[in-house]
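One chain comes next, on its own, written out as structure tokens in the form predicted alone.
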């Protein structure tokens, strides 16, 4: 399975989500590829925001090697599931989808553990360190829920 996490610039929320899920997948020895991207090109090639790096590091996760990239239409073919951080990201990604199959791959990340809530993961970029910790907790909970779903599915097979 291949999972893509998407936010606006790919330097705050989606790299945190990628790092969190990669860490959980590695610990559970699951065959899942995790990547991240942004809907715009502001930060292409840049490392995650230093506050995202520090927040992840405080939880034992290293995301310092990640580099921002922009979402491409080809990502619909490369990934099985695409999790977006907010409604704006959802709208931007869905506008690029060419059919219902591609649209069905896209979901708000917080809907995985809060079904149909369509809650945004707040963008911590303009706030302080506490915003990054809040985002970490939201994403960690969602990623843990995803992992539990996948483990249940693998036991059924």
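Positions refer to the first chain, counted from 1. Predicted model only: the values in this text are computed from it and were never measured.
Separately, the form predicted together with a small molecule exists; it is not shown, and the next lines address it.
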Can we say 11, 43 and 123 each have a non-hydrogen atom within 4.5 Å of the small molecule in the predicted bound form? yes
Looking in the predicted bound form, any heavy atom of residue 5 within 4.5 Å of the small molecule? no
With a 4.5 Å heavy atom cut-off to the small molecule in the predicted bound form, the contacting stretch among 56-64, 26-34, 124-132, 99-107 is 124-132
